[in-house]
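In the block that follows, a single chain appears as structure tokens, in the form predicted alone.
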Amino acid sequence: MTQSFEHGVSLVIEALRFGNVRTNQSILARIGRLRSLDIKRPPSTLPDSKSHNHSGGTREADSIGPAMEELRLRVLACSKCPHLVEFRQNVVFGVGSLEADLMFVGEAPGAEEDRLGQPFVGRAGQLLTRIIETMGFARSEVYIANVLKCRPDIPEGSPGNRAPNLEEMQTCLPYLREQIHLIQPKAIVALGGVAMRGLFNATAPMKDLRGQWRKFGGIPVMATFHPSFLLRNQALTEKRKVWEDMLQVLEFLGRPVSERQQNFFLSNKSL
């Protein structure tokens, strides 16, 4: 039995244990795809197939993908927070390039993210995509994840979302640590105060946290407002604050900054 198929079997066992029929069907479909991939995959990759990592060394080009897939399968089967397991539609693992120089970390999935199984796909996600593209990246070039992989539960029929609590985030944080360890981004952008609390247990207001570098697992982290904050606060001054944070990130990454980018939100330019 191949490694991917073994992980698939483990997922079914875990799902059956909690009696989640909807999840079982989804997992069975994934196992079928994994088994097909195992059958079609070449016997081995070239041992000298390398890619450059961000610390100046090299790493196996094909080692990151399987390791991330193994992590993804573990996260999909996670049952550490039974109340979230019962409430969620999908685990929202993360998306983007495994070779990304830049990673964005939010707090938790919302309703749209839970429905589609991908982070930042609602209105705030659309704004984040515009920010990423204005920085000169394609969304597919960065990596996007949340501290919490499941949508926080709310009473049936209640509108909106709730912020994850500290216990939930601390339970889920090891998964994000593993993602960061595998991707080895040069920089991380923490989106909003809840994400900062999950990463650093920071309780100060975001106005005092944003625009400053910290380190998480040795990797520089820039704190900035969550895109949803900009949807609620349309003032040019608030947009400029977020953009100044992104200019710091671009400078740190050594990315060219055009005059047009430099002058965003000094006039009526918008994302």
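For clarity, every value in this text was computed on a predicted model and none was experimentally measured. Numbers follow the displayed sequence, beginning with 1.
Beyond the structure shown, there is the form predicted together with uracil (URA), which is absent from this document and is the topic of what follows.
Remark: of stretches 115-123, 94-102, 177-185, 129-137, the one touching uracil (URA) in the predicted bound form is 115-123 (heavy atom within 4.5 Å). A residue is said to contact a partner when one of its heavy atoms sits within 4.5 Å of a partner heavy atom; Trp243 fails this definition for uracil (URA) in the predicted bound form, lying far away. Shown alone here, Phe229 lies within 4.5 Å of uracil (URA) in the predicted bound form, counting heavy atoms only. Contact check for Gly198: every heavy atom lies farther than 4.5 Å from uracil (URA) in the predicted bound form. Heavy atoms of Val189 never reach within 4.5 Å of uracil (URA) in the predicted bound form, leaving it off the interface. Residues are counted as partner-facing when one of their heavy atoms sits within 4.5 Å of uracil (URA) in the predicted bound form; in 100-118 these are Gly106, Glu107, Ala108, Pro109, Gly110, Glu113, in sequence order.
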